[in-house]
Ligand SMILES: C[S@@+](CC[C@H](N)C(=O)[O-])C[C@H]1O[C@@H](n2cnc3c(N)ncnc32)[C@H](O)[C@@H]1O
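Shown below, as structure tokens, is a lone chain in the form predicted alone; questions about how it binds or moves come after it.
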């Protein structure tokens, strides 16, 4: 039986082989200051040297090698073997060490509790039906006081059409959607061939808190360009921000009163 995980594994393997969007490896410029390339907001501090870092859903030859170049002890988890092979290739080319593990982001059972000081996750939670499972697994493998930096597709961006009408962008998908989003052609906002899921604000914000995290900061990476051509990436981003980024801290005790406040 072909599961969501199987489907997205095959889709990302294919995207990597065809060198489509979001499969590009880190550039020479990135390696000049690897931590800044990874963490422009400065949420991870001045150094990650010696830190145990999990780059989750982050295969492709960028995050893992850059963390390794910054001195971290890196494990990369991704569902796509082809994307992980890019991590191994970049690391080998530069004499870097990293551990690459093929697994789904919502099942980290191969790792012990509290194993990582930092979990860094680029946009990828949209590829699993239940984001709460991801947050619970991340909470389990993150050390008390550890940091979870994650970026997600904003739900409204997944609701509105990719192309504008004379009145703007139409809100076409229901907020309480069940099942994967309809397939789309290639776009900077959606990855064709994959199965994607809309996660509501309650699932993103509340899910983090219920899993045992305290949200310390939030960013909306700005891609808006009021002068961009009608219907382009910059034009659409002027109407709705495509991404949201969270800085979350693992609280010492997931059963504390702070966590209980978020129990539904």
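Given the structure is predicted, the values throughout are model-derived calculations rather than measurements. Residue numbers count along the first chain shown, from 1.
Although it is not shown, the form predicted in complex with the ligand is what the next lines describe.
The unique member of 160, 143, 132, 103 whose heavy atoms fall within 4.5 Å of the ligand in the predicted bound form
None of the other options qualify; the answer is 103.
Look up in the predicted bound form whether residue 123 has a non-hydrogen atom within 4.5 angstroms of the ligand, and give yes or no.
Residue-level check for residue 123: yes, a contact with the ligand.
Does the 4.5 Å heavy atom contact test between residue 127 and the ligand in the predicted bound form come out positive?
Residue 127 belongs to the contact set for the ligand.
At the 4.5 Å heavy atom threshold, is residue 62 in contact with the ligand in the predicted bound form?
Close contact exists here: in the predicted bound form, residue 62 approaches the ligand to within 4.5 Å, heavy atoms only.
Would you please decide whether residue 58 lies within 4.5 angstroms of the ligand in the predicted bound form, comparing each non-hydrogen atom pair?
It does: once the ligand is placed as it appears in the predicted bound form, residue 58 has a heavy atom within 4.5 Å of it.
Tell me which stretch of 27-35, 204-212, 50-58, 222-230 has a heavy atom within 4.5 angstroms of the ligand in the predicted bound form.
Stretch with heavy atoms near the partner: 50-58.
What are the residues of 66-88, in order along the chain, with a heavy atom within 4.5 Å of the ligand in the predicted bound form?
Residues within 4.5 Å: 78, 79, 80, 83.
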